[in-house]
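Taking the form predicted alone, here's one chain by itself in C-alpha coordinates.
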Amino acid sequence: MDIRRLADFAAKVNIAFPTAEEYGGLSGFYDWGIRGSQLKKNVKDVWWRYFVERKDFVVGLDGSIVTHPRVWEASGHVEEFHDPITRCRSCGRTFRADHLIEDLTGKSVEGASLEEINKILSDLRCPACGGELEPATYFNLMFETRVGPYGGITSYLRPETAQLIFADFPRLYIGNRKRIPFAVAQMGKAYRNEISPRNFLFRLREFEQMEIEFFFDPEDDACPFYDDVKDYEVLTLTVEDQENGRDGEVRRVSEVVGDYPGREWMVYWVVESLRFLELVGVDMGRVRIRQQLPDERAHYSMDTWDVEFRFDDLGWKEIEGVAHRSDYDLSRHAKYSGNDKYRIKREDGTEFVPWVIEPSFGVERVILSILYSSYREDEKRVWLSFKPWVAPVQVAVFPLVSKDGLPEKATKIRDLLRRFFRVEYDEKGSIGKRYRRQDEVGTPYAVTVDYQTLEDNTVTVRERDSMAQERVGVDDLVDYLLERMSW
(Lines give C-alpha, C1' and ligand atoms only; values in the text may rest on other atoms or scores of the structure.)
Protein backbone atom coordinates (compact mmCIF):
# COMPACT_ATOMS: atom_id res chain seq x y z
CA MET A 1 0.00 0.00 0.00
CA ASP A 2 1.32 3.45 -0.92
CA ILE A 3 0.08 6.80 0.31
CA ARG A 4 -1.18 8.00 -3.08
CA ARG A 5 -3.33 4.89 -3.51
CA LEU A 6 -4.65 5.25 0.03
CA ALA A 7 -5.51 8.90 -0.66
CA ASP A 8 -7.47 7.93 -3.76
CA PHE A 9 -9.38 5.29 -1.81
CA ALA A 10 -10.13 7.71 1.03
CA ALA A 11 -11.56 10.20 -1.45
CA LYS A 12 -13.65 7.49 -3.12
CA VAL A 13 -15.32 6.39 0.12
CA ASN A 14 -15.82 9.99 1.31
CA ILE A 15 -13.29 10.05 4.13
CA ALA A 16 -11.03 12.94 3.08
CA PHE A 17 -10.28 14.78 -0.13
CA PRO A 18 -8.52 18.00 -1.21
CA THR A 19 -10.49 21.13 -0.37
CA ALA A 20 -12.30 22.88 -3.25
CA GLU A 21 -11.44 20.18 -5.78
CA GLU A 22 -13.62 21.84 -8.43
CA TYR A 23 -11.30 24.86 -8.27
CA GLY A 24 -8.10 22.84 -8.34
CA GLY A 25 -7.70 22.42 -4.58
CA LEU A 26 -5.31 24.20 -2.23
CA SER A 27 -2.17 22.39 -1.16
CA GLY A 28 -2.07 21.35 2.49
CA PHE A 29 -5.82 21.65 3.11
CA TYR A 30 -8.27 18.74 3.16
CA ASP A 31 -12.01 18.44 3.67
CA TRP A 32 -13.44 15.60 5.72
CA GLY A 33 -16.38 13.93 4.02
CA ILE A 34 -19.45 12.02 5.13
CA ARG A 35 -17.43 9.12 6.55
CA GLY A 36 -14.32 11.05 7.49
CA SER A 37 -15.99 13.69 9.62
CA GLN A 38 -17.52 10.97 11.79
CA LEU A 39 -14.28 8.95 11.87
CA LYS A 40 -12.37 12.01 13.02
CA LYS A 41 -14.91 12.80 15.72
CA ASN A 42 -14.80 9.21 16.97
CA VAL A 43 -10.99 9.16 17.28
CA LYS A 44 -11.04 12.43 19.18
CA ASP A 45 -13.87 11.20 21.43
CA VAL A 46 -11.91 8.04 22.32
CA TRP A 47 -8.81 10.15 23.05
CA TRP A 48 -10.81 12.46 25.33
CA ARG A 49 -12.43 9.55 27.17
CA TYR A 50 -9.13 7.70 27.54
CA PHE A 51 -6.94 10.59 28.64
CA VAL A 52 -9.35 13.00 30.34
CA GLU A 53 -12.58 11.38 31.50
CA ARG A 54 -10.86 8.23 32.77
CA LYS A 55 -8.07 9.99 34.67
CA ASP A 56 -8.96 12.05 37.71
CA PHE A 57 -5.81 14.20 37.48
CA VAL A 58 -6.44 15.43 33.90
CA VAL A 59 -8.71 18.39 33.07
CA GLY A 60 -9.61 20.10 29.82
CA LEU A 61 -9.22 23.45 28.06
CA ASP A 62 -10.56 24.89 24.81
CA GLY A 63 -8.29 27.83 24.04
CA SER A 64 -8.60 30.52 21.40
CA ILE A 65 -7.10 30.06 17.94
CA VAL A 66 -5.98 33.70 17.87
CA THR A 67 -4.42 35.11 21.03
CA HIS A 68 -2.17 37.94 22.16
CA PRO A 69 0.97 38.02 19.97
CA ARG A 70 3.23 38.22 23.04
CA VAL A 71 2.28 34.59 23.75
CA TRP A 72 4.21 33.56 20.63
CA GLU A 73 7.17 35.71 21.56
CA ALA A 74 7.32 34.09 24.98
CA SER A 75 6.99 30.60 23.51
CA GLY A 76 9.91 31.16 21.13
CA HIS A 77 7.82 30.68 18.00
CA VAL A 78 8.47 34.17 16.62
CA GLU A 79 12.21 33.57 16.83
CA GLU A 80 12.57 29.81 16.42
CA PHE A 81 9.61 28.39 14.47
CA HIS A 82 11.03 28.23 10.97
CA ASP A 83 12.16 25.84 8.21
CA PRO A 84 14.84 26.31 5.53
CA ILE A 85 13.52 27.37 2.13
CA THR A 86 15.23 27.60 -1.26
CA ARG A 87 14.13 28.73 -4.71
CA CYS A 88 15.18 27.92 -8.26
CA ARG A 89 16.85 30.86 -9.97
CA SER A 90 15.44 29.76 -13.35
CA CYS A 91 11.84 28.66 -12.87
CA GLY A 92 11.14 30.30 -9.51
CA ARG A 93 9.79 27.14 -7.90
CA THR A 94 10.26 27.04 -4.11
CA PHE A 95 11.24 24.04 -2.01
CA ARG A 96 11.71 23.20 1.63
CA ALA A 97 15.46 22.77 1.53
CA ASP A 98 15.87 19.85 3.93
CA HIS A 99 13.09 17.88 2.21
CA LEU A 100 14.61 18.60 -1.19
CA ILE A 101 17.98 17.30 -0.05
CA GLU A 102 16.37 14.16 1.36
CA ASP A 103 14.41 13.59 -1.86
CA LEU A 104 17.43 14.06 -4.13
CA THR A 105 20.15 12.39 -2.04
CA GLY A 106 18.31 10.12 0.38
CA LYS A 107 20.19 11.80 3.21
CA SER A 108 18.39 13.30 6.20
CA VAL A 109 19.66 16.71 7.30
CA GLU A 110 17.19 17.28 10.11
CA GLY A 111 18.84 19.49 12.73
CA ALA A 112 21.60 20.61 10.35
CA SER A 113 22.67 24.24 10.34
CA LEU A 114 21.85 26.57 7.46
CA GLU A 115 25.54 26.55 6.51
CA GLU A 116 25.56 22.74 6.29
CA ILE A 117 22.34 22.73 4.24
CA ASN A 118 23.69 25.31 1.80
CA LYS A 119 26.90 23.37 1.31
CA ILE A 120 24.85 20.39 0.09
CA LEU A 121 22.47 22.56 -1.95
CA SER A 122 25.35 24.05 -3.92
CA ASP A 123 25.86 20.66 -5.60
CA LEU A 124 22.18 20.10 -6.40
CA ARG A 125 19.87 21.35 -9.13
CA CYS A 126 16.16 22.10 -9.35
CA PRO A 127 14.27 18.82 -9.97
CA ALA A 128 11.70 20.71 -12.06
CA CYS A 129 13.98 22.41 -14.61
CA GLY A 130 17.59 21.66 -13.67
CA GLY A 131 18.25 25.27 -12.74
CA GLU A 132 20.56 26.59 -10.05
CA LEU A 133 19.18 26.80 -6.50
CA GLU A 134 19.41 29.91 -4.34
CA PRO A 135 21.05 29.62 -0.89
CA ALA A 136 18.51 28.56 1.72
CA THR A 137 17.05 31.03 4.17
CA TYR A 138 14.70 30.53 7.10
CA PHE A 139 10.94 30.91 6.63
CA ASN A 140 8.68 31.36 9.69
CA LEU A 141 5.78 28.91 9.52
CA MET A 142 3.17 30.92 11.43
CA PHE A 143 0.22 32.39 9.55
CA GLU A 144 -0.04 36.11 10.28
CA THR A 145 -3.42 37.78 10.70
CA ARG A 146 -4.59 41.32 11.45
CA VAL A 147 -6.82 41.90 14.47
CA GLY A 148 -9.08 44.95 14.44
CA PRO A 149 -9.91 47.68 11.88
CA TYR A 150 -7.55 50.17 10.20
CA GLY A 151 -4.61 47.79 10.25
CA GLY A 152 -5.14 46.61 13.82
CA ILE A 153 -2.39 44.59 15.40
CA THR A 154 -0.46 41.68 13.96
CA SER A 155 -1.17 38.33 15.55
CA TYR A 156 -0.98 34.71 14.40
CA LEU A 157 -3.13 31.66 13.89
CA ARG A 158 -1.87 29.31 16.55
CA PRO A 159 0.74 26.82 15.28
CA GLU A 160 0.04 24.48 18.21
CA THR A 161 -2.52 24.02 20.96
CA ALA A 162 -0.03 23.88 23.82
CA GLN A 163 0.72 27.54 24.48
CA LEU A 164 -2.69 28.60 25.77
CA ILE A 165 -2.38 25.87 28.40
CA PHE A 166 0.88 27.43 29.55
CA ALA A 167 -0.30 31.03 29.31
CA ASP A 168 -3.50 30.17 31.22
CA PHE A 169 -1.72 28.09 33.85
CA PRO A 170 -2.33 30.43 36.83
CA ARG A 171 -6.09 30.42 36.28
CA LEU A 172 -6.20 26.70 35.46
CA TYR A 173 -4.23 25.80 38.58
CA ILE A 174 -6.43 27.88 40.86
CA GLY A 175 -9.65 26.81 39.15
CA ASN A 176 -8.78 23.14 39.23
CA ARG A 177 -8.46 23.11 43.04
CA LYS A 178 -6.02 20.22 42.74
CA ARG A 179 -2.42 20.11 43.76
CA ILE A 180 0.54 19.36 41.52
CA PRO A 181 0.85 16.98 39.73
CA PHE A 182 -2.00 17.46 37.32
CA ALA A 183 -2.48 17.71 33.57
CA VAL A 184 -4.44 19.84 31.13
CA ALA A 185 -5.65 18.42 27.82
CA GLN A 186 -6.73 20.27 24.71
CA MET A 187 -7.91 19.31 21.23
CA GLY A 188 -8.22 21.73 18.36
CA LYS A 189 -7.10 23.25 15.10
CA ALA A 190 -3.55 24.43 14.46
CA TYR A 191 -2.07 26.18 11.43
CA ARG A 192 1.39 26.02 9.93
CA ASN A 193 2.35 27.59 6.63
CA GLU A 194 4.28 24.54 5.50
CA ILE A 195 6.65 25.12 2.60
CA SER A 196 5.93 21.74 0.98
CA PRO A 197 2.83 20.01 2.37
CA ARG A 198 2.65 16.46 1.04
CA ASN A 199 1.91 12.79 1.58
CA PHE A 200 -1.87 13.08 1.93
CA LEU A 201 -2.77 13.70 5.60
CA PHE A 202 0.79 13.53 6.90
CA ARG A 203 1.92 17.13 6.39
CA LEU A 204 -0.83 19.74 6.25
CA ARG A 205 -1.21 23.48 6.68
CA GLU A 206 -4.43 23.13 8.67
CA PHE A 207 -4.63 20.21 11.07
CA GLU A 208 -5.78 19.21 14.54
CA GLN A 209 -3.81 18.31 17.61
CA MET A 210 -4.60 16.37 20.77
CA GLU A 211 -2.15 17.54 23.41
CA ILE A 212 -1.59 17.11 27.14
CA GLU A 213 0.61 19.26 29.33
CA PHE A 214 1.46 17.41 32.53
CA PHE A 215 2.77 19.61 35.36
CA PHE A 216 4.89 18.18 38.18
CA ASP A 217 7.34 19.12 40.92
CA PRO A 218 10.86 18.04 39.91
CA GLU A 219 11.64 17.32 43.58
CA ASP A 220 8.52 15.16 44.05
CA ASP A 221 8.26 13.26 40.78
CA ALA A 222 7.28 9.67 41.65
CA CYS A 223 4.51 8.27 39.46
CA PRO A 224 1.92 6.22 41.40
CA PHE A 225 1.03 4.28 38.22
CA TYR A 226 4.60 3.29 37.40
CA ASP A 227 4.18 -0.40 38.25
CA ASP A 228 1.44 -0.64 35.63
CA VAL A 229 3.70 0.62 32.82
CA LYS A 230 7.27 -0.32 33.71
CA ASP A 231 7.22 -3.70 31.94
CA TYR A 232 5.64 -2.51 28.68
CA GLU A 233 7.75 -3.55 25.68
CA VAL A 234 8.01 -1.97 22.25
CA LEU A 235 10.52 -1.58 19.44
CA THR A 236 12.91 1.17 20.56
CA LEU A 237 15.62 3.20 18.88
CA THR A 238 17.80 5.18 21.26
CA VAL A 239 20.30 7.96 20.57
CA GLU A 240 23.08 5.44 21.14
CA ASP A 241 21.52 3.05 18.61
CA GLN A 242 21.38 5.79 15.99
CA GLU A 243 24.90 7.07 16.63
CA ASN A 244 26.27 3.55 16.26
CA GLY A 245 24.23 2.64 13.19
CA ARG A 246 22.24 -0.06 14.96
CA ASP A 247 18.68 -1.06 14.29
CA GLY A 248 16.39 -0.76 17.25
CA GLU A 249 15.29 -3.68 19.36
CA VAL A 250 12.32 -4.58 21.51
CA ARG A 251 12.93 -3.31 25.03
CA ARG A 252 10.96 -2.15 28.02
CA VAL A 253 10.21 1.56 27.78
CA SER A 254 11.47 1.90 31.35
CA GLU A 255 14.89 0.62 30.25
CA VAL A 256 15.52 3.36 27.68
CA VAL A 257 14.15 6.54 29.27
CA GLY A 258 16.97 8.48 30.92
CA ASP A 259 17.49 9.29 34.59
CA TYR A 260 16.18 12.82 35.07
CA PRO A 261 13.38 14.48 37.05
CA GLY A 262 10.06 13.08 35.87
CA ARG A 263 11.55 9.86 34.47
CA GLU A 264 8.74 7.64 35.78
CA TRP A 265 6.12 10.02 34.41
CA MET A 266 7.90 10.08 31.05
CA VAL A 267 7.64 6.29 30.92
CA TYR A 268 3.98 6.52 31.93
CA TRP A 269 3.02 8.96 29.18
CA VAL A 270 4.92 7.06 26.48
CA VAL A 271 3.23 3.80 27.43
CA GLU A 272 -0.22 5.36 27.74
CA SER A 273 0.27 6.90 24.30
CA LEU A 274 1.09 3.50 22.83
CA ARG A 275 -1.90 1.91 24.52
CA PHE A 276 -4.18 4.57 23.06
CA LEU A 277 -2.83 3.98 19.55
CA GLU A 278 -3.45 0.26 19.91
CA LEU A 279 -6.96 0.97 21.20
CA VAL A 280 -7.93 2.98 18.11
CA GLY A 281 -6.59 0.37 15.72
CA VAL A 282 -3.01 1.30 14.83
CA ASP A 283 -0.98 -1.79 13.85
CA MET A 284 1.54 -2.01 16.69
CA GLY A 285 3.76 -4.25 14.57
CA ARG A 286 4.52 -1.09 12.59
CA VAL A 287 5.21 1.13 15.63
CA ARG A 288 8.42 2.05 17.39
CA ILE A 289 9.59 4.78 19.74
CA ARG A 290 12.66 6.74 18.68
CA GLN A 291 14.65 9.08 20.88
CA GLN A 292 15.35 12.33 19.10
CA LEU A 293 19.00 13.16 18.56
CA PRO A 294 20.22 16.22 20.48
CA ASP A 295 20.36 18.40 17.34
CA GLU A 296 16.81 17.40 16.38
CA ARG A 297 15.13 18.48 19.59
CA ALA A 298 13.01 21.58 19.78
CA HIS A 299 14.47 24.53 21.65
CA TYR A 300 12.36 23.70 24.72
CA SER A 301 13.12 19.97 24.89
CA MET A 302 15.23 18.21 27.50
CA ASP A 303 14.38 14.84 25.93
CA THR A 304 11.83 13.78 23.30
CA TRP A 305 10.62 10.37 22.20
CA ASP A 306 8.82 10.16 18.87
CA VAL A 307 6.22 7.48 18.33
CA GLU A 308 6.77 6.45 14.73
CA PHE A 309 4.75 4.39 12.25
CA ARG A 310 6.33 2.44 9.40
CA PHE A 311 4.74 3.17 6.03
CA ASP A 312 5.72 0.90 3.15
CA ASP A 313 6.58 3.79 0.83
CA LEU A 314 7.55 6.53 3.30
CA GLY A 315 9.43 4.52 5.90
CA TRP A 316 9.32 5.49 9.58
CA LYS A 317 7.36 8.70 10.24
CA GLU A 318 6.41 10.44 13.47
CA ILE A 319 2.73 10.33 14.45
CA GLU A 320 3.14 11.49 18.05
CA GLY A 321 5.83 12.94 20.28
CA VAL A 322 6.35 12.87 24.04
CA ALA A 323 8.54 15.81 25.02
CA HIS A 324 10.12 16.66 28.36
CA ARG A 325 9.91 20.47 28.36
CA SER A 326 11.36 21.04 31.89
CA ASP A 327 10.26 24.48 33.19
CA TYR A 328 10.97 26.28 29.91
CA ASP A 329 7.41 27.29 29.03
CA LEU A 330 6.12 28.51 32.37
CA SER A 331 9.37 30.32 33.10
CA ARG A 332 9.15 32.13 29.75
CA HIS A 333 5.55 33.16 30.31
CA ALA A 334 6.38 34.34 33.82
CA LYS A 335 9.17 36.49 32.37
CA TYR A 336 7.25 37.92 29.42
CA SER A 337 4.01 38.56 31.33
CA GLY A 338 5.70 39.85 34.49
CA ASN A 339 3.40 37.55 36.48
CA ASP A 340 4.75 35.58 39.46
CA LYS A 341 1.62 33.37 39.60
CA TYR A 342 3.45 30.74 37.54
CA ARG A 343 5.34 29.78 40.70
CA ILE A 344 3.95 27.21 43.16
CA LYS A 345 4.66 27.08 46.86
CA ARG A 346 5.57 23.77 48.48
CA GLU A 347 4.47 22.76 51.97
CA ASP A 348 7.94 23.62 53.29
CA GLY A 349 7.58 27.18 52.01
CA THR A 350 9.98 26.89 49.07
CA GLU A 351 8.76 27.82 45.61
CA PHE A 352 9.21 26.24 42.20
CA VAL A 353 8.08 26.61 38.61
CA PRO A 354 6.37 23.35 37.54
CA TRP A 355 8.09 21.15 35.00
CA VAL A 356 6.17 19.75 32.04
CA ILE A 357 5.89 16.52 30.06
CA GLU A 358 3.90 16.80 26.83
CA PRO A 359 2.30 13.95 24.86
CA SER A 360 1.28 15.54 21.54
CA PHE A 361 -0.74 13.72 18.88
CA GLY A 362 -1.53 14.88 15.37
CA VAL A 363 -5.12 13.85 14.72
CA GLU A 364 -4.65 13.47 10.97
CA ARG A 365 -1.45 11.46 11.40
CA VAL A 366 -3.17 9.10 13.82
CA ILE A 367 -6.05 8.67 11.38
CA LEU A 368 -3.61 8.11 8.50
CA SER A 369 -2.00 5.33 10.54
CA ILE A 370 -5.42 3.84 11.32
CA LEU A 371 -6.37 3.88 7.65
CA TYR A 372 -3.06 2.29 6.71
CA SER A 373 -3.46 -0.35 9.43
CA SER A 374 -7.11 -1.07 8.58
CA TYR A 375 -7.01 -1.37 4.81
CA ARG A 376 -7.69 -4.90 3.55
CA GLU A 377 -8.31 -6.37 0.13
CA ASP A 378 -8.65 -9.79 -1.49
CA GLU A 379 -9.99 -11.10 -4.79
CA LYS A 380 -13.59 -10.50 -3.70
CA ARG A 381 -13.66 -7.21 -1.78
CA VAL A 382 -11.91 -4.20 -0.29
CA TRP A 383 -12.64 -3.29 3.30
CA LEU A 384 -11.51 -1.23 6.29
CA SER A 385 -11.04 -3.21 9.47
CA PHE A 386 -11.87 -0.37 11.85
CA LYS A 387 -12.29 -0.92 15.55
CA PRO A 388 -16.04 -0.66 16.31
CA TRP A 389 -15.59 2.40 18.54
CA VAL A 390 -13.94 4.46 15.77
CA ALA A 391 -15.93 3.16 12.77
CA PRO A 392 -18.06 5.88 11.14
CA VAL A 393 -20.98 3.44 10.98
CA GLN A 394 -21.16 0.71 13.61
CA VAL A 395 -24.24 -1.20 12.44
CA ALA A 396 -25.91 -1.40 9.04
CA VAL A 397 -29.53 -2.59 8.87
CA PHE A 398 -30.87 -4.21 5.70
CA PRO A 399 -34.22 -5.65 4.73
CA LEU A 400 -33.51 -8.69 2.55
CA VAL A 401 -35.96 -7.36 -0.04
CA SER A 402 -37.94 -4.14 -0.30
CA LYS A 403 -41.39 -5.67 0.08
CA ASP A 404 -43.64 -7.92 2.18
CA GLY A 405 -43.25 -5.86 5.35
CA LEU A 406 -39.48 -6.38 5.64
CA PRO A 407 -38.60 -2.66 5.24
CA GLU A 408 -41.09 -1.73 7.96
CA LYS A 409 -39.63 -4.29 10.36
CA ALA A 410 -36.07 -3.27 9.48
CA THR A 411 -36.90 0.39 10.07
CA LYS A 412 -38.16 -0.39 13.58
CA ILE A 413 -34.94 -2.29 14.34
CA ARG A 414 -32.91 0.61 12.97
CA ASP A 415 -34.72 3.04 15.26
CA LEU A 416 -34.09 0.76 18.25
CA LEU A 417 -30.37 0.45 17.51
CA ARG A 418 -29.91 4.18 16.91
CA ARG A 419 -30.39 4.77 20.62
CA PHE A 420 -27.09 2.95 21.23
CA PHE A 421 -25.04 2.90 18.02
CA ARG A 422 -24.20 4.76 14.81
CA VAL A 423 -26.57 3.08 12.38
CA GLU A 424 -27.15 3.23 8.63
CA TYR A 425 -30.16 1.80 6.81
CA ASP A 426 -29.90 0.56 3.21
CA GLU A 427 -32.40 -1.28 1.02
CA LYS A 428 -30.97 -0.53 -2.43
CA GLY A 429 -29.32 -3.20 -4.56
CA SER A 430 -28.62 -6.85 -3.85
CA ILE A 431 -27.76 -7.91 -0.31
CA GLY A 432 -24.22 -8.79 -1.47
CA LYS A 433 -23.63 -5.31 -2.85
CA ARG A 434 -24.93 -3.75 0.33
CA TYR A 435 -22.53 -5.85 2.39
CA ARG A 436 -19.64 -4.74 0.17
CA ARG A 437 -20.58 -1.07 0.45
CA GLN A 438 -20.52 -1.26 4.23
CA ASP A 439 -17.32 -3.31 4.28
CA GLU A 440 -15.63 -0.61 2.22
CA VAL A 441 -16.36 2.08 4.83
CA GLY A 442 -15.45 -0.17 7.76
CA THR A 443 -18.88 -0.99 9.26
CA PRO A 444 -18.20 -3.88 11.69
CA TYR A 445 -21.71 -5.40 11.82
CA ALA A 446 -24.63 -5.77 9.42
CA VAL A 447 -28.10 -6.81 10.55
CA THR A 448 -30.33 -8.39 7.91
CA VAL A 449 -34.09 -8.66 8.31
CA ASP A 450 -35.57 -11.55 6.32
CA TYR A 451 -38.72 -13.65 6.18
CA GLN A 452 -37.63 -15.70 9.19
CA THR A 453 -37.58 -12.45 11.18
CA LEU A 454 -41.32 -12.14 10.70
CA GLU A 455 -41.77 -15.66 12.03
CA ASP A 456 -39.49 -15.83 15.09
CA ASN A 457 -38.23 -12.23 15.62
CA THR A 458 -34.59 -13.12 14.90
CA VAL A 459 -32.16 -11.45 12.50
CA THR A 460 -28.90 -12.37 10.80
CA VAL A 461 -25.87 -10.53 12.18
CA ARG A 462 -22.84 -10.55 9.89
CA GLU A 463 -19.36 -9.69 11.17
CA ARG A 464 -17.26 -7.66 8.72
CA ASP A 465 -13.80 -9.21 8.91
CA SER A 466 -14.69 -12.90 9.03
CA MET A 467 -18.03 -12.51 7.20
CA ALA A 468 -19.38 -15.04 9.73
CA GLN A 469 -23.14 -14.89 10.30
CA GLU A 470 -25.12 -15.59 13.43
CA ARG A 471 -28.82 -15.68 14.17
CA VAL A 472 -29.74 -13.36 17.06
CA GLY A 473 -33.08 -12.52 18.63
CA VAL A 474 -34.20 -8.92 18.24
CA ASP A 475 -34.82 -8.72 21.99
CA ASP A 476 -31.17 -9.67 22.59
CA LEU A 477 -29.69 -7.64 19.73
CA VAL A 478 -28.65 -4.52 21.66
CA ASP A 479 -26.85 -6.51 24.37
CA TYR A 480 -25.24 -8.74 21.73
CA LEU A 481 -23.79 -5.72 19.91
CA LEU A 482 -22.88 -3.75 23.05
CA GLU A 483 -20.75 -6.65 24.24
CA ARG A 484 -18.77 -6.50 20.98
CA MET A 485 -18.61 -2.71 20.70
CA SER A 486 -17.27 -1.76 24.14
CA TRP A 487 -13.61 -1.01 24.89
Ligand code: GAP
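Everything quoted here is computed from the prediction, not taken from an experiment. Numbering starts at 1 and runs along the sequence shown.
Only in words, not in the display: the form predicted in complex with this ligand, which the text now covers.
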**Study point:** Which of 384-392, 105-113, 268-276, 198-206 lines the interface with this ligand in the model of the complex (heavy atom within 4.5 Å)
**Key:** 198-206
Review point. Which residue, 360, 238, 140, 118, has a heavy atom that falls within 4.5 Å of this ligand in the model of the complex?
Key: 360
**Study point:** in the model of the complex, the one of 158, 324, 365, 333 near this ligand [non-hydrogen atom within 4.5 angstroms]
**Key:** 365
Review point. Heavy atom to heavy atom, is residue 290 within 4.5 Å of this ligand in the model of the complex?
Key: no
Review point. How about residue 300: is it within 4.5 Å of this ligand in the model of the complex, going by heavy atoms?
Key: yes
Review point. Within a 4.5 Å heavy atom cut-off, is residue 194 in contact with this ligand in the model of the complex?
Key: yes
**Study point:** Partner contact for residue 319 in the model of the complex: this ligand, 4.5 angstroms, heavy atom
**Key:** yes
